[in-house]
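For reference, the chain that follows is the form predicted on its own, supplied as structure tokens.
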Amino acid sequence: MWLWVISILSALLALNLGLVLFFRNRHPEPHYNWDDIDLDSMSFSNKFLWGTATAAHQVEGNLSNNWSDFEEKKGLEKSGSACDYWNRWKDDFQMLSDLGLSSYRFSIEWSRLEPEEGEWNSEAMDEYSAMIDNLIERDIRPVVTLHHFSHPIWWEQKGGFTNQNNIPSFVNYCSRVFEALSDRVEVWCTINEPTVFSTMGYTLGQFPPGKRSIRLTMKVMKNLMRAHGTVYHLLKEKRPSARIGVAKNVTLFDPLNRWSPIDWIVARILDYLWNGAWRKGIMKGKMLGAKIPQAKNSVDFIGLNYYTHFLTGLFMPTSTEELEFAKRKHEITTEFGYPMYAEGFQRAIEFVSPLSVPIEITENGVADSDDSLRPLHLKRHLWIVSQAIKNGYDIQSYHHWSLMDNFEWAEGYKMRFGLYEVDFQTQERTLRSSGELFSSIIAH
């Protein structure tokens, strides 16, 4: 009897050990001894493009869209005038020039252009067109994002991306913006961070519309892929020379306990849902059991947003109130709560490389109100990019998030990501030391 029990336990132990070794070999989690690395050894070609990024709802101010409606209904901190960028963008563009930037990623606000269904605001479109002209005059490449988390209230009331029948309205909006700007804008992101939008809005309920439904989350993810693919092919027909992609947040999922097969399995499931299913959609035209043929090969470049990794286990948080970020002992915790894990930047680059298109770093940054961590964060992450380029990865740009402090979605104004500090009472912008550092790196 005891021999039988011992045999069973031994077999289970061997199976668990085998699973752990299998996962550890296929999914390593490197950690560097940064004290042994010369962070000043980074180098970039003269063709490499340096930029920053913003999003309309976070900076423009006084918008009426799904986000402002959500803020009101949930009693959240109001975005209000934000950075008053809509009135101050010429001065803010001077900050781009002062930094020595050659690229600028920003988003168009659909609700400004079509506040009511079928009602088009040509004056707002003219303002965006003037922004493009101003950037070009400064020799700064405009990179336009068509959907960065926000859209009109009327479209939200129709179900937004939960309803596949709503996609034509989104496609029409994208088409009209493209027709107005594509004679001067070469690079376009259709959608920003589709998995963040889906999960935060429909699983954790922290983004509009504040729902918590796995079924709706999967539905929205697939409809975002359908919308992206449809927009890609339509815009390419209009102007084949345009470069069109999507900005994908690659968050890495690692097991909290690297000797737990359960933690490994949870991490791999979450990694597939967050990252792998999306990549498969682009590569194969299939996503989460659905055939989406228009999505296959629907990127001319991939926009990579990278911030951190997430340590996971069996007992996962089911709401934002429970959401806590674990970290390894030696990792530095950022103000947002997640760890700084620059080593993961290389893993994220490797993850998107099978798409076989150029990589544009469309976001990378850190919340750091006193600017004590951002200089180190910048140098570590840029060193990773420099090494990846040396190793043959086709990385064409780096856009720091963000140009200036702004409204950080569900976190309101307490998270400060800017190279420029913003006093939201006076709207005064002040260049931080990290901004000076970034400018000096660009100059060399």
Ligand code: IFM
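So that there is no doubt, residue numbering starts at 1 and follows the sequence shown. Owing to the predicted nature of the structure, the values given are computational and were not obtained by experimental measurement.
One more form of this protein should be noted, the form predicted together with the ligand, which is absent from this view; the next part is about it.
Taking a 4.5 Å heavy atom cutoff to the ligand in the predicted bound form, the contact residue among E109, E363, E156, D254 is E363. Here is the short version: of N223, S198, N192, T334, the single residue with a heavy atom within 4.5 Å of the ligand in the predicted bound form is N192.
With the partner left out here, the ligand still marks one of 375 to 383, 40 to 48, 402 to 410, 389 to 397 in the predicted bound form; by a 4.5 Å heavy atom cut-off that stretch is 402 to 410.
Using a 4.5 angstroms threshold between heavy atoms, F149 counts as touching the ligand in the predicted bound form.
For Y307, a non-hydrogen atom is located within 4.5 Å of the ligand in the predicted bound form, even though that partner is not displayed. Although the partner is absent here, Q58 is a contact residue: one of its heavy atoms lies within 4.5 angstroms of the ligand in the predicted bound form. Using a 4.5 angstroms threshold between heavy atoms, W67 stays clear of the ligand in the predicted bound form.
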